[in-house]
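The chain below stands alone, shown as structure tokens; this is the form predicted on its own.
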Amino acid sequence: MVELVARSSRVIEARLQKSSVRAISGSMVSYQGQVQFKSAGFGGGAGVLAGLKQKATGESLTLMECTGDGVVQFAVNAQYVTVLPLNNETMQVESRQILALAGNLNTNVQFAGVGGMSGGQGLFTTTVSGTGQVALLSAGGPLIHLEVNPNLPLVVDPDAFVAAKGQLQQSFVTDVSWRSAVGQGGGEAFSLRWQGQGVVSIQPAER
């Protein structure tokens, strides 16, 4: 059994009892007890195929596995940390925002749709599914959770998007107007539009 607990707003603590937790490689900042560390490969599944998929899609997630009895603290660049529970659910998440995974959770990379932009950003997304806890990073402050319902779709900047869960459908919206208004008229601007029923989490800063 393992439990993820917020040690502070920027440090997460995994409490191990003859159990294991996966976290982003290099994110361990301290630990106590009998804990072993090893590479857990890519987050998009297992084996060479998972590695090729990660490389092809640009969704990068390199994990380590921490096993034993003890307490391990994780942090990345003093970013804020939020722990979210999953109960037999699937979450779409920006791969670089994942800090740790605890419980019976699987990760994968899925096609997210055609965005119509030249850079290809957002065409693929990482998913986390199952039952357990997910620790997510955010820059500029704690995560902001925005509810979406059928009567009120939500549009977010892809550079602020962190995660989404629920019965949600994602689409791309080409919206030059707001970027032009802030002096970023160059290139092909787009936003992520979410509709349905669920929660979208964003960070109060752009990547």
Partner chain sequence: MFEKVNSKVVKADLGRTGPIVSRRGSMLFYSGQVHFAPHQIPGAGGAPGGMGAMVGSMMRSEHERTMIAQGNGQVHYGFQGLALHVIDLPQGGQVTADMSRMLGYTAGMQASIVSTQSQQGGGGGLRGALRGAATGALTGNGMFTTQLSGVGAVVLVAHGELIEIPVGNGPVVVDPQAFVGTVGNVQTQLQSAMSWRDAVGRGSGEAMQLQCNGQGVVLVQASEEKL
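Model, not experiment: these values are computed from the prediction. Residue numbers count along the first chain shown, from 1.
We do not show the form predicted in complex with its partner chain, though everything after this point is about it.
A.B. asks: Determine which one of 75-83, 128-136, 102-110, 89-97 lies within 4.5 Å of its partner chain in the model of the complex, judging by heavy atom distances; exactly one does.
C.D. replies: Going through the listed ranges, the match is 75-83.
A.B. asks: Would I144 sit within 4.5 Å of its partner chain in the model of the complex, counting heavy atoms only?
C.D. replies: No.
A.B. asks: Does its partner chain get within 4.5 angstroms of any non-hydrogen atom of V148 in the model of the complex?
C.D. replies: No, no contact at 4.5 Å.
A.B. asks: Does V156 reach its partner chain in the model of the complex if we count a contact as any heavy atom within 4.5 Å?
C.D. replies: No, no contact at 4.5 Å.
A.B. asks: Is F172 close enough to touch its partner chain in the model of the complex, meaning at least one heavy atom pair within 4.5 Å?
C.D. replies: No.
A.B. asks: Counting only heavy atoms, which residues in 18-36 are within 4.5 Å of its partner chain in the model of the complex?
C.D. replies: Going through 18-36 in order - heavy atoms within 4.5 Å of its partner chain in the model of the complex - the hits are S25, G26, S27, M28, V29, S30, Y31, Q32, G33.
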